[in-house]
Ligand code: BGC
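Next up is one chain by itself, shown in structure tokens, the form predicted alone.
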């Protein structure tokens, strides 16, 4: 398909028509050029293909049957890129069979607050982990000739007033935390499309935010795909075109197409910008036509894959007295509504019409017979005395009671945020009362984000399944009975209380403004900086075996910022059964001129080890592993100094460490003004000498030799007095006539040149 030839032959009206959807799910057709509509479909952990016109009929065929794989809250905890790529390939196969051009996902927004109603669709509180898992999923999907749409760009970290709220965030935090995952995904996985978010960022809607859509996404990161809106996210369409929004979804019934045409004819919008939008739509159509092959897929095979993936994602949080894995020869009972009808996905645009669902109560038949009591109603909060009493009676008769609990659908869904971090009262009371009559309690959790656990000391075992997809029941049983050894690690911190969380004050803002006052300190960065106790730290997860770390080695003791550092560490399985360990690599800056987190994740590898086996795990760190975003340079920089390289089993379980010096001659740019403090100038000896020589010369020329001599013989006492003063105030106190504001400003500018002579351009 010759995109440029077609574009050159199109009328303005035809080009504008491509800039919005043809209906709810399709792009527009242009019959004159044999361009057909292509279909976009919800994802990202399963295909949600609705009928062509999105007419809600309630019919059985309203959505196509598909496999619901584990949600991102679960798959992030696998810390396994290969696993995500396999899942992506399966999703790609289903999309090909259903004639889908682009599946809408994955979401890489950061989990700023545990209460965000859509957290289950997002990977992590950490941008590096989110980017790596998302990139693997994208590569898997697109390897099958199906496009992805990384979303929601940017700062869509709450559902409260999401179509109006402005996320107000400083430049450094924006780049280091909220844009970093997008940047890595764009550069390394090359998604076909990017979806902008509903919200405003620093006052401007994402759909018409040129800084985001063009200056950063295209000019800085080199994105050459299509940018689409979230459904209904467009405010002023002509401003969106100017900012770089190619495709408005869904259909606007021609209204915004006419606005684009009128703006061009009035000279308010450059037609070349319309050309660029139309060009990107045509390029997407060409990709679809080139890669669409159709095909079929095996529903049972994908169901089993979903089961294996879910088992790899689950996190063993507690295993007192090695209560797990369960002995199937003992008397075991299952309690809780989620054992019979599992909570395995969230509500909203990612809700899948599943091919089948396997509950734990059904899957346990593969292992042994268990008795069951409901214990609570899934969507209830108030304790039901009859149900709890029945569960107590059952628990008394059994050796082990396994309680399936978590958060109901009504707590986590697109369009609303949670009101608190608590589980329903009925579930907490059930766990407490079962633990009172049976000392061997295991809790299996189904939830999309962290919860408070007031009952934690009453349970011997806790298995976090998250929202683990349609085969979650089978995966839970595989883990409970030891067919699979748990290997997941938490992709987010579990705080003790909601009040401990970074964004607690002003969490979702007031009116249409939310201020990210916690800055860089999101997730473990916050808890580590404040040395706060947590329920479970980032990266935490137990196994049925034990691992030891040893012999960390670095490829060099000193590197420059453009060099790469190779890190190796040996891991040994010192237990009695095979298992997998996630080795996490953190970097810690010891000599930074700016405030930085205690440590940051910069690498991870999941390694499989037989009992007694050792393996050496390798990591490669580039410039970005050591960099921070400089607001002076408006770019990433690496300062000279010592960096600690830490290998561990979690962010708070560092097993091995070493250090490297970076020496590349970089000096942070300095900007003195007449309002700078004297102490700031004293930090740079060359500048300080120049400044005091200037003062002595001026004072001497005005006959103030006594003052000049004092500056010649600066004492510690004098430095203490003057260092807290600004340059301007010092001049005012000296009452010199010759040192005018202009002369002082000129001197300060000379100091800036002196200090920055060695700074990088």
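Positions refer to the first chain, counted from 1. Quick caveat: nothing in here was measured; it's all calculated off a predicted structure.
Keep in mind that the form predicted together with beta-D-glucopyranose is missing from the display, and what follows is about it.
- At a distance threshold of 4.5 angstroms between non-hydrogen atoms, residue 547 is out of contact with beta-D-glucopyranose in the predicted complex.
- Within 4.5 Å of some heavy atom of beta-D-glucopyranose in the predicted complex lies at least one heavy atom of residue 48.
- Residue contact with beta-D-glucopyranose in the predicted complex: residue 42 places a heavy atom within 4.5 Å of it.
- The closest heavy atom approach of residue 599 to beta-D-glucopyranose in the predicted complex falls outside 4.5 Å.
- For beta-D-glucopyranose in the predicted complex, the listed stretch (228-236, 371-379, 166-174, 315-323) containing residues with heavy atoms inside 4.5 Å is 228-236.
- Exactly one listed residue, out of 152, 525, 307, 112, brings a non-hydrogen atom to within 4.5 Å of beta-D-glucopyranose in the predicted complex: 152.
- Between the options 276, 633, 414, 500, the residue in contact with beta-D-glucopyranose in the predicted complex by a heavy atom within 4.5 angstroms is 414.
- Annotated contacts: 463, 466 and 542 are all free of beta-D-glucopyranose in the predicted complex [non-hydrogen atom within 4.5 angstroms].
- If you take 157-172 and check each residue for a heavy atom within 4.5 Å of beta-D-glucopyranose in the predicted complex, you get just 162.
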